[in-house]
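The chain below stands alone and is given as structure tokens, in the form predicted on its own.
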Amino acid sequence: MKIVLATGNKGKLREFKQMCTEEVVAFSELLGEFEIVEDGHTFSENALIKARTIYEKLCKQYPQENYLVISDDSGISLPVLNGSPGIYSARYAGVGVTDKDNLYKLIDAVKEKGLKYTPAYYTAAIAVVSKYGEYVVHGWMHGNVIDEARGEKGFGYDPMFIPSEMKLTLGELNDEIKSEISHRGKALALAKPIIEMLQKF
């Protein structure tokens, strides 16, 4: 059974490969690059949309193979902004924008509220799709966002997010610590037993 990751995000792919003991292949290596329309209303809906789309295309193109597709949809939410950016985290500053565009738009939104820092949390929904069914698990990471970017590590909003009980942003923390506390790491820890179970069939 081949494990395929349904994302074109290089940062997510790197994190998944660091956290998985099994070999994970990006869908683009098998199907080429293409956009998936994420029109769900929740993180779990969008994760399932991506995983189903890739799984169906793989089954059509490689019917003799047995695939397990993993997809993640994640984002950051600020209560002070009524939960924004939320599911729109990847396109908060518009379509076709960079991580830095999104980051600095959120920094500006925090500044407009007259705040130096404010509570925030990351959500990750991981979907697992195979011929044996569909599963979704969630992970969360709570903390605060600040009105500046600090650190060059991670991706997305990491340089402005300080996890609870820490003083450094995710952009300043090393990958090992981030993997232990991150929303994606927590969700993947729940997904691993499902993946291992399905691989035995």
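Please read all numbers here as calculations on a predicted model, not as lab measurements. In this text, residue numbers run from 1 along the sequence as written.
One more form of this protein exists, namely the form predicted in complex with a small molecule; it is left out here, but the text below deals with it.
*May I ask you to check whether Y122 falls inside a 4.5 Å heavy atom distance of the small molecule in the model of the complex?*
Within the cut-off, so yes.
*Could you tell me if S130 has a non-hydrogen atom within 4.5 Å of the small molecule in the model of the complex?*
No, no contact at 4.5 Å.
*So in the model of the complex, does any heavy atom of N9 sit within 4.5 Å of the small molecule?*
Answer yes; at least one heavy atom of N9 falls within 4.5 Å of the small molecule in the model of the complex.
_Would you classify F155 as touching the small molecule in the model of the complex, given a 4.5 Å non-hydrogen atom cut-off?_
Looking in the model of the complex, residue contacts with the small molecule include F155, since a heavy atom lies within 4.5 Å.
*Would you mind picking the one in E148, E134, E172, E38 that has a heavy atom within 4.5 Å of the small molecule in the model of the complex?*
Partner contact (heavy atom, 4.5 Å) among the options: E38.
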